[in-house]
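Heads up, the chain below is alone and in the form predicted on its own; it's given as structure tokens.
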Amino acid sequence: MTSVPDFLESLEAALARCHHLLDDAASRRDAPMHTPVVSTLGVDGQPRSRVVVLRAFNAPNNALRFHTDRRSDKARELSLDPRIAMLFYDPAEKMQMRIEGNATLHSDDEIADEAWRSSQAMSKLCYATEPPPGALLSHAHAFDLPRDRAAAEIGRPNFMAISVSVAALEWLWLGAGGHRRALYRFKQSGINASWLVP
């Protein structure tokens, strides 16, 4: 008889497993959850989704962070409506996490400065692209992206760190013997956790 992982029978253990995977995803670039899908509301009211890189996760504060170009659509969208949804999936774990929360934009503060300092030169170069992300081009190569890592610092004015305060986390585990699903809502008074029908 195979043993059942603790996190399939305990709301506390399931949340601890989610936190472990998010910690891993923020620190290990080959972790499956390192590149979640982020959804925002476009300026036209339509949902918009794209893949980002998870840069930090703070379990005690129920917060995570990713980076973007401050000239991007998602930065503009979140400045108008901070509501955000994130989707994480790990096929080996057979686990999905859906996170909903509110974003705070950091461009010219200590959070942005520290995030920039901790970024690799290769990543910093992405913020030096001209014209800005999403601009129309006359042909595929009609943009400038510096390749010399010594030029990495010129992208700093375009860099933005986005912190997400997690309001809810929905967890789904897919198993041949039966799925598991739970919902966690985070409030100042504590965590409201419930099992859901998968």
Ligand SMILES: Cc1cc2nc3c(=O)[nH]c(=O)nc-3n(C[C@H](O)[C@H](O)[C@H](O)COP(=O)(O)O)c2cc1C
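We number the residues from 1 along the sequence you see. Every value quoted in this text rests on a predicted model; they were computed, and no experiment measured them.
This next part talks about the form predicted in complex with the ligand, which is not shown.
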*Is S163 close to the ligand in the model of the complex, meaning a heavy atom pair under 4.5 Å apart or at it?*
no
*With a 4.5 Å heavy atom cut-off, would you call T35 a contact of the ligand in the model of the complex?*
yes
*Closest heavy atom of V53 to the ligand in the model of the complex, within 4.5 Å or not?*
yes
*Applying a 4.5 Å heavy atom distance criterion, does S39 contact the ligand in the model of the complex?*
no
*Considering the ligand in the model of the complex, which of D73, D81, E93, E100 comes within 4.5 Å of it through any heavy atom?*
D73
*Looking at 25 to 33, 169 to 177, 144 to 152, 44 to 52, which lies within 4.5 angstroms of the ligand in the model of the complex, counting heavy atoms?*
44 to 52
